[in-house]
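Single chain ahead, written as structure tokens, the form predicted alone.
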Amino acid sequence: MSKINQIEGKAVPVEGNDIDTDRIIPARYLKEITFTNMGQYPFYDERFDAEGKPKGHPFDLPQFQGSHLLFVNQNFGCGSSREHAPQSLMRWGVRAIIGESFAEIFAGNCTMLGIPTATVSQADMQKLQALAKEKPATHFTLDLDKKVLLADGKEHLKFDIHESKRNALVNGTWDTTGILLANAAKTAEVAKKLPYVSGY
């Protein structure tokens, strides 16, 4: 399993409280049978008008292309528990999300994909979003070992993250499906010994 200790890159700010999963990924895209194309759809209805013309959402602005960190506000990812929301963000390019607070199921789904969800105060987030807008080329480093965020190599501020999620990321145990598959042979051996699974 891959260990995740640091996430580096530019940041894209998306402002607003209570951004739910329906806004992150409109429900009509849930009918796709794989996650392959999900990177095209995050915030789609906020990015494009009815004719498909861009509205100027941060995800489409040239200065934020290639960003790996996402700066958000309060209660991000509320609403339904669909995994499509973090899948769409990840496939757009997001590798870590820093916010004021997150919906718990959304944060859990992010961890299962190897995406840290770190929290900071409202005042700190206002500063981070302002910095990302004013100096979009700023290179951030989210250090999960030290729980600090660096800006252009200098310690900028400290963040919080649920310790169980941090441990899963830094120890490489976040991919539960991968762990299950890696231990498929052991699982099969145990199953053979269980009377309610085999030989009844």
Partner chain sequence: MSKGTLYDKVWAAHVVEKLPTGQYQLFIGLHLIHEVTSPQAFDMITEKGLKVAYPNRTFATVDHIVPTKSQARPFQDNEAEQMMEAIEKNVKNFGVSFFDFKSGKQGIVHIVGPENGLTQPGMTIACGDSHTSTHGAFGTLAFGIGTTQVRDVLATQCLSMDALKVRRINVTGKLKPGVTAKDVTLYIIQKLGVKGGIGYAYEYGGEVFDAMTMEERMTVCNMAIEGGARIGYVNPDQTTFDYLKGRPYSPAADKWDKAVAHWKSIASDKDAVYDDIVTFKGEDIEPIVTWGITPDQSVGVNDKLPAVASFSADEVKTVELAYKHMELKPGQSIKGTPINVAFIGSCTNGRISDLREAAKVAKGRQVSKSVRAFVVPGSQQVKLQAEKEGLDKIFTEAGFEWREAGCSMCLAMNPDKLQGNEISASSSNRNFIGRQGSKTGRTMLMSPAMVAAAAIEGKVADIREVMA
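Rigid core (definition): largest C-alpha set, two forms, superposition within 1.5 Å. Note that the structure is a prediction, hence the values are computed from the model and not measured. Positions refer to the first chain, counted from 1.
There is another form of the same protein, the form predicted together with the partner chain; it is not shown, and what comes next is about it.
Contact with the partner chain in the model of the complex, defined as any heavy atom within 4.5 Å, is confined among 28 to 36, 152 to 160, 139 to 147, 60 to 68 to 28 to 36. Under a 4.5 angstroms non-hydrogen atom cutoff, the partner chain in the model of the complex has R82 among its neighbouring residues. Contact annotation for S121: none of its heavy atoms lies within 4.5 Å of the partner chain in the model of the complex. Although the partner is absent here, R23 is a contact residue: one of its heavy atoms lies within 4.5 angstroms of the partner chain in the model of the complex. Taking the partner from the other structure, the partner chain in the model of the complex has a heavy atom within 4.5 Å of a heavy atom of A168. With contact defined as any non-hydrogen atom lying within 4.5 angstroms of the partner chain in the model of the complex, the contacting residues in 147 to 185 are H162, E163, S164, K165, N167, A168, T173, D175, T176, T177, I179, L180, L181, N183, given in sequence order. Once both forms are fitted on their core, the CA shift for E15 between the shown form and the other one remains under 2 Å.
Three angstroms is the minimum change: in the model of the complex, the CA atoms of I105 and T187 sit closer than in this structure, by 3 Å or more.
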